[in-house]
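There is one chain below, alone, in structure tokens, taken in the form predicted alone.
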């Protein structure tokens, strides 16, 4: 009875049993339901061009640690004094919303004989973005160091050359230039939290650094689904937490698949334990294993075996994969148990007498 109580206390204190195959269980828990996921997609109202990647493509994106997500999104929360003010939130949205010259220009006329480019603005688009022709001209002057003149809705840019290639190149650059908002932020819309009733801004980009510099932004709550952007700005622990959050949101909230948080945490820990974000595949965790057989079992089998033979590598055979590959007992579960006998006790054992 005493031993039973002690074992019970030990079980309560231990988070996982010694020898438990936590990696294999986590891989199975995430991989098995992942093959049955519905590839749903959804989009945010007002961001027509942005459809948030979800389902299996999003899982692959996260596990493969792609540096540029297909559909990056940034959630900008506001300071306490303005988060419930719709007008202030709208103003913040306009300050973040990325507007290109192509969005507000009706047409562009190139004059190769005069060496000028005339931009005819779309009045509705200019007013919708709270801009003026003078503001746009000022942006062009600062960005390209060119002289401009403004007449009503026309901006004339003096290129100071009659070279056809230079004029056409300048026109292309002007079209792609940002005249308002934060560069890299993408289209921004205002949204309201159903629980707290506060307003926040969702933008189709991952320009965390410049958005954080805006006055009125709550730096402690700004968030992006771009894991590498979070790593770049806030560090590896923030990237780990973001990875768990994105995996949980994709699997549980969007797809309704229930997976223990510990499995997701183990995956995120493995990907970030080196201080940087590594993928699970052959260019990351699997390709960096010490075991030759473990690397060969995943991908590029022949390459790993030839390289190991050429450079005289040795395999310690301490992992699971390599032992399964050669038919040995794996160092988990009952295979993790090692029994030893003291020499004194061994000497006490009497050898059995043969019948002969």
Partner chain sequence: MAKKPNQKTYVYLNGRIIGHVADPTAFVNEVRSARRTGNLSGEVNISYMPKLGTVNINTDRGRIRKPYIIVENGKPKFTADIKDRLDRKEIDFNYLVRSGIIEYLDAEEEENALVAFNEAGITEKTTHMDVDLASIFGFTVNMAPYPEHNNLARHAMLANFIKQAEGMYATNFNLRFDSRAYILYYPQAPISTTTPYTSTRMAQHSAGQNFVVAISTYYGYNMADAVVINKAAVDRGLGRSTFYKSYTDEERRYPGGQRDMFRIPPPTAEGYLGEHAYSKLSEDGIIEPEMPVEEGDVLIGKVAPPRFLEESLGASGLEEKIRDDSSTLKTGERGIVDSVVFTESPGATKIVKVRIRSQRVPEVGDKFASRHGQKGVVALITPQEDMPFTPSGIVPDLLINPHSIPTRLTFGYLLEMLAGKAGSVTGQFIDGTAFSEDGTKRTEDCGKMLEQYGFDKYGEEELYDGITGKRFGAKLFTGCIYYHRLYHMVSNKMQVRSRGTVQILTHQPTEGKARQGGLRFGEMERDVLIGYGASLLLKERLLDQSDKTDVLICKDCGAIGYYDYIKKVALCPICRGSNLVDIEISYAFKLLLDEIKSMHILPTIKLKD
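Positions refer to the first chain, counted from 1. Quick caveat, the model's predicted, so the values are computed rather than measured.
There is another form of this protein, the form predicted in complex with the partner chain, and it is not shown here; the text below is about that form.
At the 4.5 Å threshold, heavy atoms of residue 305 reach the partner chain in the predicted complex.
Using a 4.5 angstroms threshold between heavy atoms, residue 329 counts as touching the partner chain in the predicted complex. Interface membership of residue 321, defined by any non-hydrogen atom within 4.5 Å of the partner chain in the predicted complex, is confirmed.
Looking at residue 334, you'd find a heavy atom of it within 4.5 angstroms of the partner chain in the predicted complex.
With respect to the partner chain in the predicted complex, the three residues 20, 293 and 314 uniformly fall within 4.5 angstroms at the level of their nearest heavy atom. Residues in 153-169 all lack a heavy atom within 4.5 Å of the partner chain in the predicted complex.
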